[in-house]
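One chain comes next, on its own, written as C-alpha cells: the form predicted on its own.
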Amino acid sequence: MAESERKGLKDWLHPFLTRLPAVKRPEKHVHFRKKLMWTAGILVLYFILSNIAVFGLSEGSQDVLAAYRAIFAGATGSIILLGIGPIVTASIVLQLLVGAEILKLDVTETRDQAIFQGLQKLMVFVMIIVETLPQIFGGYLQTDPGIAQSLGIGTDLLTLFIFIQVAIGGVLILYMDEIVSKWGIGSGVSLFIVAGIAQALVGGIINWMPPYPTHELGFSVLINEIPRENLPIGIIFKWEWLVSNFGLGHWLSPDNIFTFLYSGHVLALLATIAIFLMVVYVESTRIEIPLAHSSVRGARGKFPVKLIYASVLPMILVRALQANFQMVGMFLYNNFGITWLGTYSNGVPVDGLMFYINPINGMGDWVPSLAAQVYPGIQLWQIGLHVLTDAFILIAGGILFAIFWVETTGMGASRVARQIQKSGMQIPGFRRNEQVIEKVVSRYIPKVTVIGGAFVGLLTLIASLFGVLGSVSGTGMLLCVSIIYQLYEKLASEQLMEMHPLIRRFLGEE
C-alpha cells in the first residue's frame, strides 16, 4: 500500500474512531484526593457487579475461564464473567498488527495514537461478542428452562437476554477501566486484577466454608478417606480441622508429612511468601540515569529504568493467549468431536497439543506421583515436555510482549528522550539534544526490556510450579504483588506531583 493510500485510510478512520463513546479526558490536572475518590468508587462498583448474577443461567453452566480467573478479573456466573479478557485480547491483536507493521501506526504521534486507541476500543467491542457467543453456542452458558417457562418466553429469547447481560458487563468493564486511567490512579485493568486476587487470597486464609465440587482436587486425590465437602477452603480452618480429626502426630509422621505439606497448602503458603519477597526485591532493582535541569542550577533528578521495565502486565497477554487457544480447543472438542488438538475432562485438557500448552498450575501438574493420579497413565517424558513447553511460552512470550508493550505505550527510548527534552532536563556531561539523550537511554532500555521480560517469565514459572493460596495461579500472584508495589509508587509520585508542578510537566501530566 502506497504512503498516500495509508494516509487516506488514516484520514478516513480518524473521524469514525474519535466518534466512539469515550470518557472525557480531564482538561486540567486532577488533584490527588479526587483521583483517589474515583479509584475507590470504581473499585466498589466492580465488587457490586461481581455479585450480580446473570439472570436466566442454569446451574449446569460451566466456567471455561475458571483456570484464568485470577488474571481475567471476572467472577463466575456474574455479568462481568468476561472480566478484562476482551481488553487484553484486543491489546494482543493490535500489538501484533502494529509490531509486524501490518498496521502502519506511529504511536508516538498524537493522531496515530488516537487511531490506535480508537481501534483498540472497537476491537474490544468485537472481542466481547467473539468471547461470549462460543460460550453460549458451545453449551457452557446454558439457559434455565424453568425460568423461561415461568416468564412465558422461549429459551432462545432467554439466551439472547443472557448474551445482552454478559455484553453489557464487558462494556462496563471497558469504560470503568477508562475512567480509572483518565480520572483515577493507575489503570482499571490492574485495579480489577488486584481486587479479584486479594479477595481470593483472603478467602484462602480465613474462609471456613467447604469448597465447590471442582475445587481442591489435590485433597480428593491424596486423602481419599476424608469427605472433601467437610474441608474448609481457608488454610487456618483447614489445619484446625485436620489436626482435630487426625491429630498432629498423624501428619508429622514420615508417611503423611508430604501429604500435609501439599494438600494442607503449607507449601503454597511458603511459595506465596517467597513470591512476595522476590517480586518486591526485583521491583526495587533499577538503573538510575542522572538528570539535571538546563536552566535551573541545582535542580537534579533521576530517570529510573527498572529491571522489570515493562512491568508484569505482558504476562497477562501471554496467559490470555493461552486461554484463547484453550477456549477454541474446548469448543471444537465439545461441539465437533475434534480430538487431534486434545481431549478434555471437566474442562481440563488431558492429552494432545492443548495439554502441553495448558499452563502449569501447581505441583499436581509436574510431581510424577501426583500427576499420575490427576492424569492416569501419564509418562515422565510427557510431564517434562509439559513443563518445558510452559517455560518456553512464558519466557519467550514475556520477552516478545515486553518489547511490544514498551514500544506501544510510549516507554521506548525515543519517547523517553522526547519527554526529557521537553521537561527542560538533560543528562549531565552530554549536550542537550534529543538524539544524544536517545542514544544514552538506548544503552539501557532495550536490554533491560528483554532481560526483564525473560526474568518475569521465569518468576511466573516458579510461582506456577508450586501454586499459591486461595487457588490463585502463580501468574496471578506475581501480578498482584507487582501491581500493588507499582500502585504504591504511583501514589507516592502523585503526592510528589501535587507539591512539585515541574515533575508533573516532565511526566506529561499537563
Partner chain sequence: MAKRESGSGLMSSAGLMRYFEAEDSAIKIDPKTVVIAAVALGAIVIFLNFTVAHTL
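Numbering follows the first chain given and starts at 1. Here, rigid core means the biggest group of C-alpha atoms that superpose within 1.5 Å across both forms. Just so you know, these numbers come straight off a predicted model, no measurement behind them.
Omitted from view is the form predicted together with the partner chain, to which the following refers.
Colleague: For the chain shown here without its partner, which stretch in 448 to 456, 24 to 32, 461 to 469, 62 to 70 has non-hydrogen atoms within 4.5 angstroms of the partner chain in the model of the complex?
Modeller: Looking at the other structure, the answer is 24 to 32.
Colleague: Counting only heavy atoms and a 4.5 Å cut-off, does the partner chain in the model of the complex sit next to every one of H265, T272 and G364?
Modeller: No: none of H265, T272 and G364 comes within 4.5 Å of the partner chain in the model of the complex.
Colleague: Consider the chain as shown here, without its partner, and state which of I308, M330, A417, L317 has a heavy atom within 4.5 Å of the partner chain in the model of the complex.
Modeller: When the partner chain is considered in the model of the complex, the option within 4.5 Å is L317.
Colleague: Within 4.5 Å of the partner chain in the model of the complex, heavy atoms considered, which of M209, I168, L277, I129?
Modeller: Filtering the options by heavy-atom distance leaves I168.
Colleague: Residue-level question: is I87 within 4.5 Å of the partner chain in the model of the complex, judged on heavy atoms?
Modeller: I87: contacts the partner chain in the model of the complex.
Colleague: Does any heavy atom of L13 come within 4.5 Å of a heavy atom of the partner chain in the model of the complex?
Modeller: L13 lies outside the contact set for the partner chain.
Colleague: When the contact criterion is heavy atoms within 4.5 Å, does H386 count as touching the partner chain in the model of the complex?
Modeller: Close contact is absent here: in the model of the complex, H386 is far from the partner chain, nothing within 4.5 Å, heavy atoms only.
Colleague: Can you check whether I79 is within 4.5 Å of the partner chain in the model of the complex, heavy atom basis?
Modeller: Close contact exists here: in the model of the complex, I79 approaches the partner chain to within 4.5 Å, heavy atoms only.
Colleague: Would you mind checking 126 to 152 for residues with a heavy atom within 4.5 Å of the partner chain in the model of the complex?
Modeller: D144, P145, G146, I147, Q149, S150, L151, in sequence order.
Colleague: Superposing on the rigid core, does the Cα of D156 end up 2 Å or more away between this form and the one not shown?
Modeller: Shift at D156: below 2 Å after core fit.
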